[in-house]
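Only one chain is given next, in structure tokens, and it is the form predicted alone.
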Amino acid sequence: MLEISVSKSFDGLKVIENIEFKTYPGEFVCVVGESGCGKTTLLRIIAGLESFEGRITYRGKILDRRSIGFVFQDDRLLPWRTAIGNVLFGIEIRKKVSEEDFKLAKEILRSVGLQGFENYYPKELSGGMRQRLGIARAIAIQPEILLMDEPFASLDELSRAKMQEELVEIWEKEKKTVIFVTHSIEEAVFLASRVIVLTPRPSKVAGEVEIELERPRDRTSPDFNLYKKRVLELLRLR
């Protein structure tokens, strides 16, 4: 279990005021809130990229950041490396790449729908393919927790919906614990096992909504829209 209890200030301005929640192994959690409420800052804190007040524990111990993979809003791919070179990059930082690592990278590319594109450079890939490559790179280090910061925000509506469906398929295969930040209520309800709703700055947890819908989810169903309404009601709390 990942347990989070954190606060954060920038130059005396309180951005996060004691955000507290837990995530369970293999759970897909979405965090939603209005722009500027500290969603990205929260992910950066969990990843060890920001100082903070409070405590983050994983399985009862201080969180080891080596167990975390991070998918950023902008893909941050290395333009001079091929697709497989990008996937191997995180492994190379930690150790010498073996033949088994190379086979693993090829398998991960296949699992995210990039089989046959191993030797393509990022500039030769579409926006959706680049995002899949970013996910593949994060998975390659075999993290237990995957942090995702609005990775589909720059995609058009159809591409975004397709990537959401593909992400659910990847998550069902990998069973990673995912914390996914988004400003889209529909995206959160489609993806999440549970939605954490944040208040405006300084942000706290306004409430949680457990999404008890079968997968694949029908975005047009009355139940789907009922969950959207519940999340929206929490967002309107001040």
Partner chain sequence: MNSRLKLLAFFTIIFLWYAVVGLKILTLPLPHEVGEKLLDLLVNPEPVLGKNLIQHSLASLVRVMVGSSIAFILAIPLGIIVGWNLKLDTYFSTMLEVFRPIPPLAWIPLAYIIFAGFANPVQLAQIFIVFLGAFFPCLLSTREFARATDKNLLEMACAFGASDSEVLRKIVIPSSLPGILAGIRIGLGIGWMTIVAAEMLATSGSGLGYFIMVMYEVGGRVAEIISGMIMIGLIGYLMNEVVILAEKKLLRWR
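Positions refer to the first chain, counted from 1. Just so we're clear, the structure is a prediction, and the values are computed from it rather than from any experiment.
Quick note: we don't show the form predicted in complex with its partner chain, though the next part is all about it.
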- Taking the shortest heavy atom distance, is residue 123 within 4.5 Å of its partner chain in the predicted bound form? yes
- Message: Within 4.5 Å, heavy atoms only: does residue 116 come near its partner chain in the predicted bound form?
- Response: no
- Does the 4.5 Å heavy atom contact test between residue 158 and its partner chain in the predicted bound form come out positive? no
- Check whether residue 78 has any heavy atom within 4.5 Å of a heavy atom of its partner chain in the predicted bound form, and answer yes or no. yes
- Sole residue of 194, 176, 44, 201 within 4.5 Å of its partner chain in the predicted bound form, by heavy atom: 44
- Could you tell me which one of 84, 129, 141, 108 places a heavy atom within 4.5 Å of its partner chain in the predicted bound form? 141
- Item | Among 168-176, 30-38, 59-67, 184-192, the region lying within 4.5 Å of its partner chain in the predicted bound form by heavy atom distance | 59-67
- Which residues from 85-110 come close to its partner chain in the predicted bound form, meaning a heavy atom within 4.5 Å? 89, 90, 92, 93, 94
